[in-house]
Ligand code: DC
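Only one chain is given next, in structure tokens, and it is the form predicted on its own.
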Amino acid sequence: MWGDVGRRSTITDDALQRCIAIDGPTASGKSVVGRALADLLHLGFFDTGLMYRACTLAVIEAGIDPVDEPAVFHLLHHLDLDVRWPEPNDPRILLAGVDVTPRLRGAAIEQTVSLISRIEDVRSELVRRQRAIATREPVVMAGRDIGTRVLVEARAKIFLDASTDTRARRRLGEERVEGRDSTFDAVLAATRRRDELDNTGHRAIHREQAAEGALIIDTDAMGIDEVVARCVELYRRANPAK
């Protein structure tokens, strides 16, 4: 069974090397591709953005100003943040033992999460926790600094790219599924704002920022099956069966 962040285990380079690192800008297809890979390769899927969203939820509920970096980091440093997988492609985020995953896509979190993720001390602490997860078992990990910082040892690194308009259309579809009355123009503006906030120079949101040796895939005109097939081919070539 997939475990939690607090569980002690032997750290192995092999587990880190056999992970899949997926980077790219918001709404480029990281979660969809990552979940499909998790199913096909029987690896746990971990969207690291959920950790940042959980931290953001904790900040909001504590009434902390998200631009008060020392206060935000103090909260995170003492935060009981846990990750569990009832199924490999279904990461669940727990705060103080409570599953908060269904609450992590709310509008308030969407508007604030980039302010939290920009704080370097927050990123360093979450990178440490993310690496701890990956040392237990190989995982498919998605984010914006996975191949460049979190899983530098991974043999299979992927960068998914797409135009701003395509990404906004995808996000709009997600929001409508979630019951939000959004417009394309509003989502496009939010996507551009998210890109600006994420563009710190330390995150892989442009293809020229991809990890060295990463497979760069433009998902604008590709179906999910084609993208996943290319990723599976890369993984199996980089990690031949023992």
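Heads up: residue numbers just count along the shown sequence, starting at 1. This one's a predicted model, so the numbers in the text were calculated from it and none came from an experiment.
The form predicted together with the named molecule exists for this protein as well; it is not shown, and the discussion that follows is about that form.
- Contact annotation: of the candidates Thr101, Thr135, Ser114, Thr166, the single residue with a non-hydrogen atom within 4.5 angstroms of the named molecule in the predicted complex is Ser114.
- For the residues Arg207, Arg194, Arg180, Arg35, the 4.5 Å heavy atom test against the named molecule in the predicted complex is passed only by Arg194.
- Just one listed stretch, out of 180-188, 35-43, 50-58, 212-220, contacts the named molecule in the predicted complex at the 4.5 Å heavy atom level, and that stretch is 50-58.
- Contact between Asp198 and the named molecule in the predicted complex is found at the 4.5 Å heavy atom cutoff.
- Arg123 belongs to the set of residues with a heavy atom inside 4.5 Å of the named molecule in the predicted complex.
- For the chain shown alone, His74 is not a contact residue for the named molecule in the predicted complex, no non-hydrogen atom being within 4.5 angstroms.
- At a distance threshold of 4.5 angstroms between non-hydrogen atoms, Arg128 is out of contact with the named molecule in the predicted complex.
- Interface residues of 71-109, taken as those with a heavy atom within 4.5 Å of the named molecule in the predicted complex (partner not displayed), are limited to Arg105.
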